[in-house]
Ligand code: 2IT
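What follows is one chain in structure tokens, specifically the form predicted alone.
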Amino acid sequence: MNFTNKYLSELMERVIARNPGEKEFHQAVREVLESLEPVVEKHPEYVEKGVLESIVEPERIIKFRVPWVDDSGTVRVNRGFRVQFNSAIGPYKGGLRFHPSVYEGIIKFLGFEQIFKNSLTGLPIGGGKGGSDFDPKGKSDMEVMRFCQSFMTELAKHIGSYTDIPAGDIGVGGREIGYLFGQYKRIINKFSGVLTGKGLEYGGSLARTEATGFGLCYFTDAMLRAHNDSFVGKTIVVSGSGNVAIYATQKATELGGKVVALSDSNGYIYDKNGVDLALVKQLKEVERKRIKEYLNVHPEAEYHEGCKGIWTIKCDIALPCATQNEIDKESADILVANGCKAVAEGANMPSTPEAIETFLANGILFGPAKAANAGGVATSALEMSQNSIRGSWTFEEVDARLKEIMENIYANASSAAEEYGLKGNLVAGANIAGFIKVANAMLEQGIV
């Protein structure tokens, strides 16, 4: 899609010029600005008051070195980042990603997406993101602990329970959150809800582990039901085998579907009888092994090197839960040809713009990440609420709130798309609904 609005086209050019080489950030901004064309035509005040100029520029970027000592006594140095993108509707909220691919552009892309995702939840949280190019894979617990303590020694200066509340993301699970929280508490000498995804023993929330995967399926189910369909009897392909993929698999199965494939960064498994989720949990959550080990227990299943081939498996529903841009146009064309009915994104921006155009042009129901995978941050905000009241809710209470939030996100995105003449386009609907709440808050607060 090309811009028809001159102002938005020129703004996009400025974003590219001011952020050279940050292709993921450019992609995320372009998608949002393209969706907002009918909005700025109807509401010129967003242009006149500089809201769009401000919203594409982070309020603050923190970049720092992270020195740590490995088990051999060698000093290692990584880079740390925190992008505090927008606080118009609440304190910055967004995860920390530890992965070799992390650089400033990735964190800006994720932080920008987080603004609108958080807005869609209906909860008072702004957008932020952070991380490091540190790779926890293959590191000992002591190496991870030393890295996390060094990382938090700097990050602690910039966060707080009413300022910026990080959470987990790729490479940052319960172990890492525990080490980060322990260091923050030592430095600040205060027990606060500054991180979410904490252990249940020290302020975590029930259902937080399951939230992103469960929420993805609640959103997808709402999308299917709006078109007189459901998960029942459907064949499902899920990419990834981390937290989101595992619990999306669990909930999709509970809703009547059959998940036949999962992947990791090395390759994917295909089990026509349905994935043995208990085994996958043992391999990935307990033993931290590669997905190919699945065949040691289920030799009748297939393992294929490389990840892209997972989208050649015939399915009714595709749930990409691995990483950005994992579905390109070629893979989208294959999904369409194989009769896929719905695609919903569990990862952040896992479909390229060309893939999304292919889905929409062929009538496939498409749930964009900022709407479909908002369950994690929604439940993080519920964890914040429980920390604030010094209480805890049951799993069933949190799960019920999560389901309601995800169904409301679908309804709001759907109605926003229809209001602006883009019925059925949930990409545009999610961007518009998320943007308008933040933009109006920015207008009311003056030049921010």
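The numbering used is simple: start at 1 and walk along the sequence shown. As the structure is a prediction and not an experimental result, all values here were calculated from the model.
There is another form of the same protein, the form predicted together with the named molecule; it is not shown, and what comes next is about it.
**Student:** When the contact criterion is heavy atoms within 4.5 Å, does residue 257 count as touching the named molecule in the model of the complex?
**Tutor:** Heavy-atom contact with the named molecule at 4.5 Å: absent for residue 257.
**Student:** Taking any heavy atom pair closer than or equal to 4.5 Å as contact, tell me whether residue 204 reaches the named molecule in the model of the complex.
**Tutor:** It does not: once the named molecule is placed as it appears in the model of the complex, residue 204 has no heavy atom within 4.5 Å of it.
**Student:** Does residue 94 make contact with the named molecule in the model of the complex, using a 4.5 Å heavy atom cut-off?
**Tutor:** The answer is yes: residue 94 has a heavy atom within 4.5 Å of the named molecule.
**Student:** If we define contact as a non-hydrogen atom of the residue within 4.5 angstroms of the partner, is residue 208 a contact of the named molecule in the model of the complex?
**Tutor:** Flag for residue 208 set to yes.
**Student:** Quick check for you: of 297 to 305, 145 to 153, 356 to 364, 374 to 382, which stretch puts a non-hydrogen atom within 4.5 Å of the named molecule in the model of the complex?
**Tutor:** Among the candidates, contact is made by 374 to 382.
**Student:** In the model of the complex, which of the listed residues (315, 280, 167, 344) lies with a heavy atom within 4.5 Å of the named molecule?
**Tutor:** If I apply the 4.5 Å criterion carefully, the residue I get is 167.
**Student:** Heavy atom within 4.5 Å of the named molecule in the model of the complex: which residues of 179 to 200 meet that condition, in order?
**Tutor:** The stretch touches the partner through 196 alone.
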